[in-house]
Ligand SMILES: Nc1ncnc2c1ncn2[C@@H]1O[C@H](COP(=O)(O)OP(=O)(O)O)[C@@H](O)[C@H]1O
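Below you will find one chain, with nothing else, as structure tokens; this is the form predicted on its own, and questions on how it binds or moves follow later.
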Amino acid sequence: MNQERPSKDNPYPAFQAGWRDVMGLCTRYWMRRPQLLSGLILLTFCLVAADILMPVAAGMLVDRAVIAANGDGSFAAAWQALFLFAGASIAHGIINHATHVTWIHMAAPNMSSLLQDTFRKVQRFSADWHANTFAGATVRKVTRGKWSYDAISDIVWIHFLPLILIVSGLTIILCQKFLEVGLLFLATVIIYVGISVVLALKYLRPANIRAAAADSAIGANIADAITNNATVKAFGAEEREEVRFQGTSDDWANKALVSWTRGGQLKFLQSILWAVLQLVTIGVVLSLAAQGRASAGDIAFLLTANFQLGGHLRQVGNHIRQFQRASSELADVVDFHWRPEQIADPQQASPFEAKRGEIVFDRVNFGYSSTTQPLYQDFSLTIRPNERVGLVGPSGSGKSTFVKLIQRLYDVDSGEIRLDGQPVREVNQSSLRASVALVPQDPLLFHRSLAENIAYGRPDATEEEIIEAAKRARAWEFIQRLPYGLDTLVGERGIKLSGGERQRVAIARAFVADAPVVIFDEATSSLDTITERLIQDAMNELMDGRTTIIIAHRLSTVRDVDRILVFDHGRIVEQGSHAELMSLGQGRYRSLYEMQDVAA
């Protein structure tokens, strides 16, 4: 499996998974249920035995009927052959049903396991990976992968395995009667399948891959436009987005047309090829019959066998096409499974033990992969337990990165970050982040009930605790006015609520989480005065007894903190209380504050 080099436009390129990688993934899931797989294989052998018995019985029936008609025997033997044929047909139906039942009991749990494992992998990819990847395309790849696995499994176990066994069985029977016919029959099947496979791999597969990629782009385009529908409406850009989507849709249609056209061409060529090869094989048996070396029953056997086998072989082209399409689509899931977690827990990661909320940056060096210059160089800082710290500075100065490194959304290049004396790289990420409550500038809520959103940091919270948190966050008043109260669904990303309401829900969530460290990321930057006052009161109550970090562009929100850190290009150029920084004659903070004061 190869991978393209990362680039500025595509920092996380997909692995180039081949069909061997795809089959390796499928095999892993087939082997998860060995008893069902063994039963499936056994039933398939029995099914093929019944399949082969039908042309054998048909040949016996014709030979015995001809003998009886010529007066050289009774029709009782022909009736026996007929009953054998009917019994094989009935047995085939019963075994086929048992095979189907066994198969679905193996397929459904495996598909569910594949979905769960893939979701788990994607969930644990870094924040940077998610920021550089279309959510819509990822969703489409994950869900489509489930059906691609199912298609490949069907083709391998329900179609290809019986075909191989039937060809092997019929070849053995023919070789016992007429060696040259048996070998010719086998050669006919090999030539047919070989040509079909080569055409599918070399001619059809590239078109299928391009069509699958274009199909993923459709999902990404739709998700991008719908997720940002408010922005689209704000700029009256519906027609522009429709034109953009038309280009994506037309690109898929053109590539799908090529893929489907090639599939139809392959199907046509296969039908002609099988007719020619069938003519040759039956012609040879007719020649043997003319020489007295083959009977009418032999011809009937071969005709029935060819008719039966033709039903399987005529679908080979479809199965190969489906296999190619499915393997191309499942390659995306293989990519997810093979791709390492960018931010991984060590093997023996211990759970984080929340204590007082002390934060230490010890000679930290860090730079983003998309830039050539490091942002932090030999950066050291200590935030004391229960200290309230404000981070100010221009965009890109390192404030948000500071917070992300505390949460270990990125790993430092060197140095160490410790919370309560515990290196963040050595503890379990989930337990670490559960001890850091974040109230972002634009909180994103789940399309679930208000109660579920508020209790997201601690799902076992009682209704009384949720209500108490809502009251402390100044959210209970508006929640009571909603038709369903705490059971109200908030819409995708919380779209049914206003910005101030979402902000208060996020603060309530932080109250329920009861983390020792709280981070406010521009929590009041886009609110009206009344709502800002409500949220400021809720913030002050939440800060009590907790280590607090406030990222602020509006400097009035950090006037009362214990210490203000002024960032510039990853360095702290000033620090102190509001009064101390304002006392500096030409200080950076004072200049920023006076500029905002004048603008206000």
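In this text, residue numbers run from 1 along the sequence as written. Just so it is clear, the model here is predicted, and its values are computed rather than measured.
The next section is about a form of this same protein that is not shown, the form predicted in complex with the ligand.
Proximity to the ligand in the predicted complex holds for all of 131, 375 and 399, with the criterion being a heavy atom within 4.5 Å. Among heavy atoms of residue 368, some come within 4.5 Å of the ligand in the predicted complex. Among residues of the shown chain, residue 123 is not one whose heavy atoms approach the ligand to within 4.5 Å in the predicted complex. Contact annotation: residue 192 falls outside 4.5 Å of the ligand in the predicted complex, judged by heavy atom distances. Residue contact with the ligand in the predicted complex: residue 395 places a heavy atom within 4.5 Å of it.
None of 274, 478, 160, 410 but one reaches within 4.5 angstroms of the ligand in the predicted complex through a heavy atom, and that residue is 410.
With the partner omitted here, the residue from 355, 448, 339, 404 that has a non-hydrogen atom within 4.5 angstroms of the ligand in the predicted complex is 404. Listed stretches are 92-100, 184-192, 512-520, 387-395; the contact stretch with the ligand in the predicted complex is 387-395, by a heavy atom cutoff of 4.5 Å.
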